[in-house]
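Next up: just one chain, as structure tokens, the form predicted on its own.
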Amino acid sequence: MSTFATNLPIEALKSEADKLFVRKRIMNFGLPLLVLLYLAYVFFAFDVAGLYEKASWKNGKTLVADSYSYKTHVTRDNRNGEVSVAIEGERKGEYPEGTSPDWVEMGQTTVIDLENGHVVTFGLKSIEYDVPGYGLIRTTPDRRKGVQAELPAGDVPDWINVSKNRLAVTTDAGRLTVTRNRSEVFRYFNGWELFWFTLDSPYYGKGPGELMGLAFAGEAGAIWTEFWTNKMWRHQDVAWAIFETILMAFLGTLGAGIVALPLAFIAARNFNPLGSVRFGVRRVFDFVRGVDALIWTVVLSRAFGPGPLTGALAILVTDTGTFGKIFSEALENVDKKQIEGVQSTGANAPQRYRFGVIPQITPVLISQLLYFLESNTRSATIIGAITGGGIGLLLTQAIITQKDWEEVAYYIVLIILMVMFMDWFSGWLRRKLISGDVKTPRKRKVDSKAKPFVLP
């Protein structure tokens, strides 16, 4: 029936229509206005303008560059004159004694060619940097007098930072840093150096074709060992960390499902007539799922110590409450006729649950378990950083050191691939278990010319 199909006079109907249109105008214009006012409040309350001014775009650019490139450090000990060359400045990536990249000429005087005319020279006492278009920068570090820098005449450019204790020169070709005790030059190169083999490996610097030839010649096992035990990138440790992360998610999710299912029967209205018991179980569900998994991780790590099992237990506790609520609601919506049909065959209570209830809620059980398994794979990364296990721990360690951001990028790529794999795997398993997506056999073609079989 229409809203205006009443016995009211025309003036009253017109008044009601005007009020209705006014309310709609208020809703159409008032709600967007409230949203705009809220966004304006957020803009000033969180000082978005100040945040933009405080942002260091230079540091962000350096961080991004570090994720897809590496630095080769040439370091001189000003106390004894020893010079070393290392990838990322690590001892595990140090060039063997007597060797260096082709752009570093070792000797009594070390000459570092940064290309495009940029040349740094480590002399016996002084360090020189010839910058094209600017001039020669000379510094003499002394433990008592500090860093004595000699610059070309004129104002000091902003890419030079000089004080009594330190000189830093940053150009597009590289960077020179001089302190009382150490002088260091580093240069950027694209790629993830030493990802396959370290400098001390006999397979370092060999191309794919040469490695394939050596593999077919009987060195496949040695090549794999050199890669698998890489000291810089630790592929073996990373693979085990990925396995620990997936194991945490799997144990936590599956354990939560096993614990929550019997409790869900107690919390379901149509399976448990005791209201007080149902109320108590449901409040337990609210309590364990109301506390975030990260909080449970901190609490359980204090109780049981760090480790992957503690992370799995934190996931189990949190998901038990969530699964309990979902499963109990699914149980309350089961079809009683199917249960009565099983009961009519003389089945006892466990058999009625097994054949009359479980098949009805199985799609819900499997769907939720697989979804949470995928979600918990991501959560296990953060939980592992707290409990000291999985890929999350390696990622946190790499971020804290702020040394090798290409290693951070490597871990992030692995985490994304792991989540993508779990997404594909859970979807494939869901189709197999729920939808019954199984290939049916092809129908055999019938020969129309074949003679029919007639019984005698």
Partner chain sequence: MTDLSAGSPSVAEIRDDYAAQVQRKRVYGGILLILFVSLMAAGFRTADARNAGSFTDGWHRILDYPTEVLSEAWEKVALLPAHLVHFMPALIETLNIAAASTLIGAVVGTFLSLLATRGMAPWPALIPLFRRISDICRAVPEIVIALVLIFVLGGGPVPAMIAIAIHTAGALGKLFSEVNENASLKPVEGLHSVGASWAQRMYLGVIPQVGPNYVSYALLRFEINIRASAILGFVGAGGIGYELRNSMSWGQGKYDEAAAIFILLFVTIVLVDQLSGVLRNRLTHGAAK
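Numbering follows the first chain given and starts at 1. Keep in mind it's a predicted model, so treat the numbers as computed, not measured. Throughout, rigid core stands for the largest set of C-alpha atoms superposing within 1.5 Å between the two forms.
There is another form of this protein, the form predicted together with the partner chain, and it is not shown here; the text below is about that form.
The shortest heavy atom separation between L429 and the partner chain in the predicted bound form exceeds 4.5 Å.
The partner chain in the predicted bound form is approached by V419, whose closest heavy atom lies within 4.5 angstroms of it. Contact between T381 and the partner chain in the predicted bound form is found at the 4.5 Å heavy atom cutoff. For P308, a non-hydrogen atom is located within 4.5 Å of the partner chain in the predicted bound form, even though that partner is not displayed. Remark: of stretches 145-153, 357-365, 132-140, 287-295, the one touching the partner chain in the predicted bound form is 287-295 (heavy atom within 4.5 Å). In the predicted bound form, N59, G60, L63 are the residues of 59-78 with at least one heavy atom within 4.5 Å of the partner chain, listed from first to last.
The rigid-core alignment places the CA of I416 less than 2 Å apart between this form and the one not shown.
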